[in-house]
Ligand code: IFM
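One chain comes next, on its own, written as structure tokens: the form predicted alone.
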């Protein structure tokens, strides 16, 4: 695995804290976390894990872990806090210090520009329903790329667009929690994709060495066995599109990689798309380098004469841990990359993969998270199998480096390789940290 990106990942709102310090203004998640009944246990996401003050000691763990790469996001409202567009130099200085620390440890930075934390000043103007938000995003991306091109050449424009639209505007499980009818949802999808395309163009103008992607998420369909008919059914099921759902992989990936929306999308929503559609798709499909994918779980399917395919229920062999959607489905790291590469013909990077389990801090400050280790072991085994079968997987980022604020689930869901005591803010590497450390060391070549 020469030149393979072994990494781990975090996001700004989940870890930084310091929500009101040094010129940062609220994002949609600052507002949402304070709304009654939105976050489990009424947890306040603005606190994060105080990474803003503890980043130097936090980043030392990357060196100990042995990763060569680190994915993190930049808080938009920490950089451009107001509608006047002025740059907050204190915010820029914070991220420059992070990049300097990473350079010291010879860890390659992967910057994510948008991990769900839209500035409130933009939401007040309509958020993603407003086409101008796409251009504001491109300006933000240009500011960051210009300032940090001496440190970074790997960029992820947007994280999980499926969650931005579906959870933020349909199920209302995420910020901003504002319901949109299908017409406005389609417009928001399009503006989000336009933002990606404009951002790609901004980056290319500034950094000729840039490698760019966007991090979609999906739950791959897994054939119940290796029968070709069931594999074909799983492939078709994975890439299908259902009216009223805005979380399917093709909705966001087809326009970017193939230059057009899926046929079903036009069948459902063509009248909602803007008059500038043709010109916009040229921008949206600006060439990128990688197919990033966040993969956690999936579902089994098999061929069915009456309906084409049948989705099978989970069995006891694939137990749920904390979230019902996080069943252990290791083959998703085989079939997900396989199907994505067949369709989009771009090298794959697994930009997130991990599990939340019940962690217990022992008296000697250990966390024996065997279930998480088994999750990683089985998933990585399937990723290796995909590589051996010719799928060009170029990187893997474990989610997450630390326990943190896990959106609607607050601080109750622990995904970290490092345990965080939320009272003292002390950090304790888990057994899974040392498992991943050894796995990386054993797979350097």
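Numbering follows the first chain given and starts at 1. What you see is a predicted model; the values in this text were computed from it and never measured.
As for the form predicted in complex with the ligand, it is not shown, yet the points below apply to it.
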Inset, instruction - Given the ligand in the predicted complex, answer whether the residues 50, 72 and 403 all have a heavy atom inside 4.5 Å of it. - result: no
Inset, instruction - Work out which of the listed stretches, 82-90, 358-366, 249-257, 159-167, brings a heavy atom within 4.5 angstroms of the ligand in the predicted complex. - result: 159-167
Inset, instruction - Please pick, from 379, 411, 399, 32, the one residue with any non-hydrogen atom lying within 4.5 angstroms of the ligand in the predicted complex. - result: 399
Legend entry - Answer option from 346, 115, 190, 338, heavy atom within 4.5 Å of the ligand in the predicted complex: 115
Legend entry - Contact test in the predicted complex: residue 296 vs the ligand, heavy atoms, 4.5 Å: yes
Legend entry - is_contact(residue 415, the ligand) in the predicted complex, heavy atom dist at most 4.5 Å: yes
Legend entry - Contact of residue 407 with the ligand in the predicted complex (heavy atom, 4.5 Å): yes
Legend entry - Non-hydrogen atom contact residue 280 with the ligand in the predicted complex at 4.5 angstroms: no
Legend entry - Residues within 4.5 Å of the ligand in the predicted complex, restricted to 347-365 and counted by heavy atom: 352
